[in-house]
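Shown next as structure tokens: one chain only, the form predicted on its own.
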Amino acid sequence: MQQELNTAFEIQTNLMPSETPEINGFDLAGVSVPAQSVGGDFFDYIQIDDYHWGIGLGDVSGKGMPAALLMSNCQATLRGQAVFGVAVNETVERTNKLLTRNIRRGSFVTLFYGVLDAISGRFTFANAGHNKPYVRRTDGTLEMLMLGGLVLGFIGTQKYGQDSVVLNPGDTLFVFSDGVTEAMNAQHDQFEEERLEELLKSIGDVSADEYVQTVHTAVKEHAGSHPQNDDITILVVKRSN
């Protein structure tokens, strides 16, 4: 059984981006740390054409092998739909329709997905029940991307809205799974959004990778010796010029 779990972990690891894409004017970084041998979170970079990139982060209900199998299904479905280059909300709607046909009753997926225009810096996004991401401006102020929507896997005909934000030079998009804000310490105190927001405001002009590592380290220090209770996934997109 352990050998099979190790194999599953290796397969799942290979499903994650093997390298960060080089996008002129942008710095990207991501990490996903499962709570068990395999996890239900994923993040992805999907090249649509020379100047447009799909960027997504998903979180599957449950843990362990069932969540990992559904995660791989969702990631493959999203990749397959994203490359058509249709509107962001239509990509999410198509992904939801396909998942709903095959998903086990009671299971669901939260997904934040958007397309980055590498020329203008505009990021157009849709949100299917996922934690609302932040944009940190160069002056340290935070903007929460408020658009929401129903999780994937419940209603196959569900419609989703889309919105957009422009990343100016020095601005940072921060996307995360609930394993960040719900990380608990020995006293069962969660990391929570307020602590995350204060941390994001305090981070200076650092690389996307340093941004990811700073938040991940703070979450681990908060949890201390308490075992990780959920998958932790972080995705950062910073416009460098």
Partner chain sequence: MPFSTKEKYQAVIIKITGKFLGSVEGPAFKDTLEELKDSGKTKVVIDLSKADFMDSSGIGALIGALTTMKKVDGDVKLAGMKERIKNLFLLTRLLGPVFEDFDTVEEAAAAMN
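Only a predicted model underlies this, so the values are computations on that prediction, with no experimental measurement involved. Numbering follows the first chain given and starts at 1.
If you look for the form predicted in complex with its partner chain, you will not find it shown, but the lines that follow are about it.
With the partner omitted here, the residue from K132, K97, R137, R79 that has a non-hydrogen atom within 4.5 angstroms of its partner chain in the model of the complex is K132. Residue-level contacts in the model of the complex: of G156, G148, G121, G170, one residue has a heavy atom within 4.5 Å of its partner chain, and it is G148. Against its partner chain in the model of the complex, the set F125, Q162 and K201 makes no contact: no member has a heavy atom within 4.5 Å. Just one listed stretch, out of 100 to 108, 162 to 170, 79 to 87, 113 to 121, contacts its partner chain in the model of the complex at the 4.5 Å heavy atom level, and that stretch is 100 to 108. When its partner chain is considered in the model of the complex, S61 lines it closely, a heavy atom lying within 4.5 Å. Interface membership of T214, defined by any non-hydrogen atom within 4.5 Å of its partner chain in the model of the complex, is ruled out. In the model of the complex, its partner chain sits within 4.5 Å of a heavy atom of E192. At a distance threshold of 4.5 angstroms between non-hydrogen atoms, D209 is out of contact with its partner chain in the model of the complex. Residues of 165 to 194 placing a heavy atom within 4.5 Å of its partner chain in the model of the complex, in sequence order: E182, M184, H188, Q190, E192.
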